[in-house]
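Take a look at this single chain in structure tokens; it is the form predicted alone.
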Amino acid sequence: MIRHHLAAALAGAALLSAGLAAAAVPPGVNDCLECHGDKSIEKTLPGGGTLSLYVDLQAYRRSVHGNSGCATCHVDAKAPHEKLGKVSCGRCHADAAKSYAGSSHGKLRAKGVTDVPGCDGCHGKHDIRKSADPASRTFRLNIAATCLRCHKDRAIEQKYNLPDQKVMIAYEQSVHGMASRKAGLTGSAVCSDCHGNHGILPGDDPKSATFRQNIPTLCGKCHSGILEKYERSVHGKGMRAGIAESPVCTDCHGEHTISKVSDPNSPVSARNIPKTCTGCHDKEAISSRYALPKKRFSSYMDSFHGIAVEYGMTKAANCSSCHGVHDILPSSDPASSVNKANLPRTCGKCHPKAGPNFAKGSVHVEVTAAKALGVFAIRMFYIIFISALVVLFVLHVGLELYGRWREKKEGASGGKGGAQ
């Protein structure tokens, strides 16, 4: 039950006397403030607890609706009243309301679920501001914090099987999150850029912006030049042809955890690229289905380049150094950087004197008798030779220690005999 007493009228009068002229306040607002200007006014909730019904006039006047009267939203507001009907934002914002109704949030809300955000959950109530206002909850630099108010809540995460907190918090440390939160770059991607605003849908919905086949177009909104290269690549063409295994942006860069190439933990850092590419190219099912060369990772790691990268030499060639990054093409394509005609130029990026001979040998060498007899024979020789040396060395040390033990034992026995 709403408590209504004389202090409410006094509170409303105090607000007006603080420099807010009655003529500047929209019609009917002062009447409402006779009750709602009192900070102690509240109502008892059905499940227990109370809800404050106080309205801060100054915050309301600074809001986007500040020049409207209360009845603009509360259409059934008549004094006196016990309760008011729900406010329908869709009366003015029909398009947004339609999008929200079809969203994940809207569908749950329509079922009576109250722990998903409605309009006021993101925009506020009487203090709503334009999205261009830095004080708005939906200002670009504030959106992540607005979304994380719910998505960092462990109870909500478990109830709706949402990505865990580590994934959500990772955005704050990502290249996008850092650019937004620390550098204040309003052009950096925030939640709504990828997931949408009113029409948010789950990632497995084909209409969702984060549906797998929609991701290149989504990322291309900001990275248009890269999208053009990707679309022409073997991966882009495969993805557009409906090949589910073709990698999209998030397969290589990650989702909320996207970091700079210079970050040692990034999946696209120089040292991690071989493992990232191996995620697909070492899968037997993929290589067999699409007739791809096998054992690319092991043959690379056996090479000078692979060994150098393994030991931390980040300037050594990795997969992207030769095959490209977003513009990867099959070696049979004349435009491919690993086409035989182009290998001298590709290798020449690191080896300035690279000539036609660079294109003659195999790059990924599988060390087997069938595919590289010479290399296989030399490797086996060294394995046997070095193993034999180690065995002989251990045997030599063992015999040496045994001999010294024998001499020490005999010396001790001789000493005892002389004493007798």
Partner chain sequence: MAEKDQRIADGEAVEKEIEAALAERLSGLPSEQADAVRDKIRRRVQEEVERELRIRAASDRKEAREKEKQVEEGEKFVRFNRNFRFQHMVMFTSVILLIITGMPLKFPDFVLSRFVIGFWGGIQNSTIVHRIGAGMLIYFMVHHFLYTVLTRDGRRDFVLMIPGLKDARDIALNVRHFLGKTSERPRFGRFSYIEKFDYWAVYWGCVIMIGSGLFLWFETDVMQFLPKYAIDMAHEMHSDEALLATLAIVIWHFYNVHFNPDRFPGTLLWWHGRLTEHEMKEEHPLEYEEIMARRAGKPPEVAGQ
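Numbering follows the first chain given and starts at 1. None of the values given here were measured: they were computed from a predicted structure.
Only in words, not in the display: the form predicted together with its partner chain, which the text now covers.
Listed residues E231, D282, D115, D302 were compared with its partner chain in the predicted complex; D302 is the one with a heavy atom within 4.5 Å. Listed residues L53, A59, A354, V64 were compared with its partner chain in the predicted complex; A354 is the one with a heavy atom within 4.5 Å. For K409, no non-hydrogen atom is located within 4.5 Å of its partner chain in the predicted complex, even though that partner is not displayed. Although the partner is absent here, G225 is not a contact residue: none of its heavy atoms lies within 4.5 angstroms of its partner chain in the predicted complex.
Although the partner is absent from this view, R379 contacts its partner chain in the predicted complex, with a non-hydrogen atom inside 4.5 angstroms.
Although the partner is absent here, E310 sits close enough that one of its heavy atoms falls within 4.5 Å of its partner chain in the predicted complex. Heavy atoms within 4.5 Å of its partner chain in the predicted complex are found in exactly one of 310-318, 231-239, 93-101, 150-158, that being 310-318.
Counting a residue when any of its non-hydrogen atoms is within 4.5 Å of its partner chain in the predicted complex, the hits in 341-365 run H351, K353, A354, N357, F358, K360, G361, S362, V363, V365. Between A341 and L373, the Cα distance is smaller in the predicted complex than in this structure, by no less than 3 angstroms. One change in the predicted complex concerns R379 and M313, whose Cα atoms lie at least 3 Å farther apart than in this form.
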